[in-house]
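As structure tokens, one chain now follows by itself in the form predicted alone.
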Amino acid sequence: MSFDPSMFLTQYWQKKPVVLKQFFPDFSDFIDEHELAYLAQDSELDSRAIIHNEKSWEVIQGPFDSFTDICRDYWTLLVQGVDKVHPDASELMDAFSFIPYWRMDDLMISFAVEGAGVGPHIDQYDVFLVQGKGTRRWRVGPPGEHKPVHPHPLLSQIEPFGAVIDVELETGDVLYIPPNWPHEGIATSDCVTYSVGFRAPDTESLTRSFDLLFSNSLGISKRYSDPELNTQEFPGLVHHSSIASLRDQLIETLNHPLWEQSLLRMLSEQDLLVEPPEQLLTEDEFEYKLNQGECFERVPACRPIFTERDGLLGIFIEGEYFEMTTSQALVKKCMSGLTVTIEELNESQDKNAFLSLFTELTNKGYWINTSEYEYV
């Protein structure tokens, strides 16, 4: 039975976990433990090793120069953000693009020897766990009160829990776990697991949109005023009317049209590893390369977001804002990772606007010439 995204979103997303047997029926690992160890040496990627035995847990933070102290007892190597440096990892994320880009975080890949795991724990975000080579047993419990345990300062676990799902995943299987559902995975053979993570901004992080808004010196910040101030018996008293006025001042800022743009700039930030080309392209050179059959794609992990309003397409990439009033259908295809043929482009009445935008995006490093690109 084929996967139905609509049914999944209706019945499972943020509601309950589910095992998706053979979600990838012919899955083949694009990375092994040796290449993962190589990536764990990269200072631009977050990596760590978790080691345990019958007596203790240990966490070693990367990057790593040597793995002598890691490959012992029951050990797991984890590398975060692999989709930023590996095209196949970025493509794996695209399999879950039925979830909006702005909710996607990154791909973590882990290798664990038989018997290894990171302990029972709870995540505050959704995750799809894709099983690569080998097998891993997963137990998932119900949400509720679970006592935290800290066997190591860098390791947050919970006490053992009763399971509502107890399953061994095989290559190509996927386990979806909503936020706050406790879970634990233990390798039943040496295995690779791909964790597709999502983000859900909390209120505190959303306040960063104010920082971005006011840092642009757009003159929208206003000061509190009270021209109708009256005398009061106690100078320390703050009237509820004053609190209401201050609240209204904040609400007025939230209702300002530029706050939405500031929010979307923040939501588009991905900490991409981009490198502008050594030789910047002109629009004519970009068009020539397209006509020669050269292909340009998003840099790995680049997932642009956009809005549509009053005939304007607002595009946000890595905190930057671009806008289009024409050629929007072709632009939206490219932003979503779909291919635009040279025939489609030549037939478009707005070809120049399209070329202008993607020449700029290529010169910024957000789009790359695939024939020239090599991952880290």
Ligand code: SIN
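Note that the structure is a prediction, hence the values are computed from the model and not measured. Throughout, we count residues from 1 along the sequence that is shown.
A second form of this protein, the form predicted together with this ligand, is not displayed here; the remarks below concern that form.
With the partner removed from view, the residue among M108, V174, V299, L92 that has a non-hydrogen atom within 4.5 Å of this ligand in the predicted bound form turns out to be M108. This chain appears without its partner; in the predicted bound form, the one residue of E170, D123, D190, D88 with a heavy atom within 4.5 Å of this ligand is D123. Residue contact with this ligand in the predicted bound form: L212 places no heavy atom within 4.5 Å of it. Residue contact check for F306: none of its heavy atoms lie within 4.5 Å of this ligand in the predicted bound form. When this ligand is considered in the predicted bound form, F286 lies well away from it, no heavy atom lying within 4.5 Å. Among residues of the shown chain, R136 is one whose heavy atoms approach this ligand to within 4.5 Å in the predicted bound form.
From the list 263-271, 72-80, 290-298, 140-148, the contact stretch for this ligand in the predicted bound form under a 4.5 Å heavy atom rule is 72-80.
Contact with this ligand in the predicted bound form holds for all three of V118, L129 and S195, each having a heavy atom within 4.5 Å.
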